[in-house]
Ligand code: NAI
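There is one chain below, alone, in structure tokens, taken in the form predicted alone.
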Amino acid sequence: MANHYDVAIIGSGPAGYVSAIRCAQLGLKTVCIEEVANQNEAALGGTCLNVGCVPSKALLESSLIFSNTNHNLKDHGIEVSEVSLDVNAMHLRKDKIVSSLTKGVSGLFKLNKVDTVQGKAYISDPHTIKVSTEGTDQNIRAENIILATGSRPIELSDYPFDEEFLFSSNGALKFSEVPNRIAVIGAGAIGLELGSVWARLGSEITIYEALTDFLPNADDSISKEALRIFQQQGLNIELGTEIESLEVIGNQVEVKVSNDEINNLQVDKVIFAMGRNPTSKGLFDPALGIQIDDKEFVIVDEHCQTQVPNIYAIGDLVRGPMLAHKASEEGIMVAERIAGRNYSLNYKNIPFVIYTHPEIAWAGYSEKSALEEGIQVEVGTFPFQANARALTSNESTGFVKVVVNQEDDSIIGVHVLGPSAADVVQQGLIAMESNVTAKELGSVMFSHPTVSEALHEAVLSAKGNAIHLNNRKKK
């Protein structure tokens, strides 16, 4: 039958499209169903490629170049004048990158013989998906079904997005000009990145965060130093702040907030960056027995299997951090298991990255979380101001911190604030996943000069053996 597949995947984001490709590579007849259309075709790539990870990083890069050109070239002996900004050209570059990558997904589907169907999917029984497109319905039969519909920005019922004054994170990537003042609601990764983009381009940014702790999931020392740096950069970050009201008055928004007292702020735009909700509603017949928790996450086991044995859910739909790389790896795991292979993920070592400047990245235990679990640790740190490569690049802010289990010398956490933080953490994560001890990593030869040497020195520091640092005394 033409509409009968081994695997049908609903959603084409980093979870769905990666899973589809791997299923096809494993010899499974695969179809990927995507609701969103672009010029009457399925818009592949999901939130990450189209309105999330990729376009935001493109704007972060453009805005950083603009800011450095205006403020940091004198240190290199370079004088410039009359630097101007073309926001439209910046967006065109961003859109070109997005288009290239989404076309790349389409090309990979064709190369791997993954079929694509555009339309809204609804699972009516364990093997049947009804796909609706502009009043036309078709049924797709599949031996296995993978839910990968992702998530959507959290929207407050009292203040729905109008994308004119009150913006979702999607809309905040499309400003046609640089606003004078912006209020950002939420000081997590999305809020910090979007705030950084527009601050570098000239906006006055105030970020409101309900929590009293800044980046509570990061290591305390990283969070504390990052907050200091961002405030120096001009990001006004207000912690422990609740939004009392938002009112559009003329061409501005009056933001009323409370912490110790009630304060008002007039801004041009408000960006909501309070996180995302899984898009799990309306995907399947409730009689199937697939369970959803009170936060709308699909309940699955450690291998992303729902209560219906042939139906799986992956990515932002399920427990764990909403990260593209976590979603992709879950997609591969499910594909492998459908093909009869034994495959699991280590959820303890998921890398986290915030693409501010400097970058923030970490994986594994923080010093605090390890101690809370009763793990006795050794900690090593090394500042980038003592790293030759960081100094030559004028990127000497921040440090590397490693957490080592005293019992077996295993590296259980790597935390970086500074240049190429994501890449440095990835090197530490490879060591962690490969069971490389601190002593063994300390004996590895690192190229000089590289920022990776800071990881090497931090590992040596945990033992009191750092070369380019005054080692603290070990008891």
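On a predicted model such as this, the values are computed, not experimentally measured, just so you know. The numbering used is simple: start at 1 and walk along the sequence shown.
Beyond what is shown, the protein has a form predicted in complex with the named molecule; the following relates to that form.
Novice: Classify Ala210 as contacting or not contacting the named molecule in the predicted complex by the rule of any non-hydrogen atom within 4.5 angstroms, answering yes or no.
Specialist: Output for Ala210 is yes: heavy atoms within 4.5 Å of the named molecule.
Novice: Is Glu242 part of the interface with the named molecule in the predicted complex - any heavy atom within 4.5 Å?
Specialist: Flag for Glu242 set to yes.
Novice: Does the 4.5 Å heavy atom contact test between Val300 and the named molecule in the predicted complex come out positive?
Specialist: No, Val300 is distant from the partner.
Novice: Mark Gly150 yes when one of its heavy atoms lies within 4.5 Å of a heavy atom of the named molecule in the predicted complex, and no otherwise.
Specialist: Heavy-atom contact with the named molecule at 4.5 Å: absent for Gly150.
Novice: Considering Gly275, Pro160, Gly234, Gly104, which brings a non-hydrogen atom within 4.5 Å of the named molecule in the predicted complex?
Specialist: Checking each option against the named molecule in the predicted complex, the one that comes within 4.5 Å is Gly275.
Novice: Have a look at Ala189, Met90, Ile350, Ala218 for me and say which one sits with a heavy atom within 4.5 Å of the named molecule in the predicted complex.
Specialist: Contact with the named molecule in the predicted complex is made by Ala189 alone.
Novice: Counting only non-hydrogen atoms, which stretch in 354 to 362, 372 to 380, 131 to 139, 71 to 79 is within 4.5 Å of the named molecule in the predicted complex?
Specialist: One stretch meets the cut-off, namely 354 to 362.
Novice: Note that the named molecule is not shown here; using its position in the predicted complex, name the residues of 53 to 89 with a heavy atom within 4.5 Å of it, in sequence order.
Specialist: Contacting residue: only Lys57.
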